[in-house]
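Here we start with a single chain on its own, the form predicted alone, put down as structure tokens.
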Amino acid sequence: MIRLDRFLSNATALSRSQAQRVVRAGRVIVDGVVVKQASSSIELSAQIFLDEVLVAAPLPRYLMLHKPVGVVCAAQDPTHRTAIDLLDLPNPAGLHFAGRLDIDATGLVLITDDGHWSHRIVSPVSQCAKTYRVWLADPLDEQKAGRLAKGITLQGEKQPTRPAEIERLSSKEFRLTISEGRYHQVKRMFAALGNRVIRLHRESIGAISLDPDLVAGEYRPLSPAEVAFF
């Protein structure tokens, strides 16, 4: 079930307020009946006509974005540009993030309006792996790096993190794969070792990797095969 005005705004170029006005004007027919209440709940299988033209149900959208620094993963923000602002798409209402990134982090962000699909990614039960490239303020020795592979207790928490996969790229640069989504987890993991993350870039979520052809700020639809990963 979905509200009639939301259906129209998702399936056409109408804004939510414009959809409400056309409904009140008696221009919308649902399964052969004129409906003038914009808040009416309708089945997605219903036949909807606007000005005698059939309105097709909108297909779910699945996108990958290369998030740049300074952009927040939010639908709206009074101060900063949002990831949704970067999308040149009609009817962005309903789009949400399957895993956010901090304002100073870059890399892969998945955006969709399919709540069931995104839940399979972010649910703790899924233990979806996420891989990050991490640059540190100070060198990190093998002993400390090994603590991450065993699980480490974060400040203010009692339960240690799940074991992580860590690959050394240099003394201050690592590739880290985790299967949790705790608050600021990557930064807090290295802080627990007495170090500081100065740059963070997400390379992949599950089997979906950031498209190398996307520069920061660009996006593209996921392929059917990528959508099918979750």
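In this text the structure is predicted, and so the values were computed from the model without any measurement. Each residue number is its position in the shown sequence, starting from 1.
Unshown form predicted together with uracil; subsequent notes refer to it.
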Check your understanding: Hey, in the predicted bound form, does residue 200 get a heavy atom within 4.5 angstroms of uracil?
Key -> yes
Review point. Applying a 4.5 Å heavy atom distance criterion, does residue 71 contact uracil in the predicted bound form?
Key: no
Review point. Residue 102 near uracil in the predicted bound form, any heavy atom under 4.5 Å?
Key: yes
Point to revise | Heavy atom of residue 40 within 4.5 Å of uracil in the predicted bound form | key: no
Revision key, fill the gap. In the predicted bound form, the residue from 185, 179, 195, 47 with a non-hydrogen atom within 4.5 Å of uracil is 185
Review point. Among 80-88, 102-110, 120-128, 152-160, which stretch has residues whose heavy atoms lie within 4.5 Å of uracil in the predicted bound form?
Key: 102-110
